[in-house]
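Only one chain is included here, represented as structure tokens and corresponding to the form predicted on its own.
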């Protein structure tokens, strides 16, 4: 039998490539974005309690009501804005499912979707599967800031959606208030939908502020905000996230969501609803990860790598241009094989595989792991 692939140019992801290489060569894996430490034992116990209390059947399609109420409360407390738990919040099987469903709901053949590179790799395949066309805006190293004049040139009558990611995976940068205001001005008076990927919203450093799309009235009226419990509470394998949007957008989203997954893991939802009764969990995260970022950077400050400290996320970009002229994919593989440390090359996420001689390292690791990593990097 012969089949025509709907994604003919998609092969094995760089995350799989680097993690497999790390495993094969017993290398320290700072490539994939997940912690190597446990989440709070209290939260784990709450999942067990939920199972023992009978929360083992289907949850409501929109998500456990207690959890949706907790999400609504979070937006009121942190952003002084509201989403109705009955009609404007949906719990999803991780942020990636939310993103895929949003794109599938609204993008039709020949629609254009603007995204910023280096971009997380789940956006473009979803656009392609729905017949859309990706319009890329390349962010320039080392600061990875948006040139809004370039964005304005790329908005056309075919533009259906703009995707932003702040704090940004891969670069660790954040959209400023001015960025969001300029975006709001560009989209005003259009029917363009904004997909705001905010999964690292609680990991912001150096007293900076996360400017959620919901803080800007016109943006909020056209936005889906996507968030991740896995990124926030150190349990990415639970695959639990959510999205928020105005009712008229969420109604359309749920039409697709119900035939995709319908609902997601119920005991974990119940556990998170109980866990979020204590509001301090979100507030402690920036301090927790800034200490890890600062430890990692202090340990490698005498190395040959150059860096600008990440503004958010748990990823740090290191510039290796003082070390070698190798392209980043080759250098990343050599680091893994010869030096036993794995990172992610950023060129694979850039327009035309632009190589800025940088690698991305995940510092969501134990202090011992970060010290081991620094010892290796300081020898290169």
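Numbering follows the first chain given and starts at 1. Just so it is clear, the model here is predicted, and its values are computed rather than measured.
What follows is about the form predicted together with a small molecule, which we do not show.
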| query | finding |
| --- | --- |
| In the model of the complex, the residue from 117, 293, 202, 231 that sits within 4.5 Å of the small molecule by heavy atoms | 231 |
| Contact assignment for the small molecule in the model of the complex, among 89, 193, 99, 300, heavy atom within 4.5 Å | 99 |
| Per-stretch contact check against the small molecule in the model of the complex, the hit in 217-225, 263-271, 278-286, 163-171 (non-hydrogen atom, 4.5 angstroms) | 163-171 |
| Proximity of residue 132 to the small molecule in the model of the complex, heavy atoms at 4.5 Å | no |
| Residue 139 within 4.5 Å of the small molecule in the model of the complex, heavy atoms | no |
| Residue contact check: residue 123 to the small molecule in the model of the complex, 4.5 Å heavy atom | yes |
| Residue contact check: residue 250 to the small molecule in the model of the complex, 4.5 Å heavy atom | no |
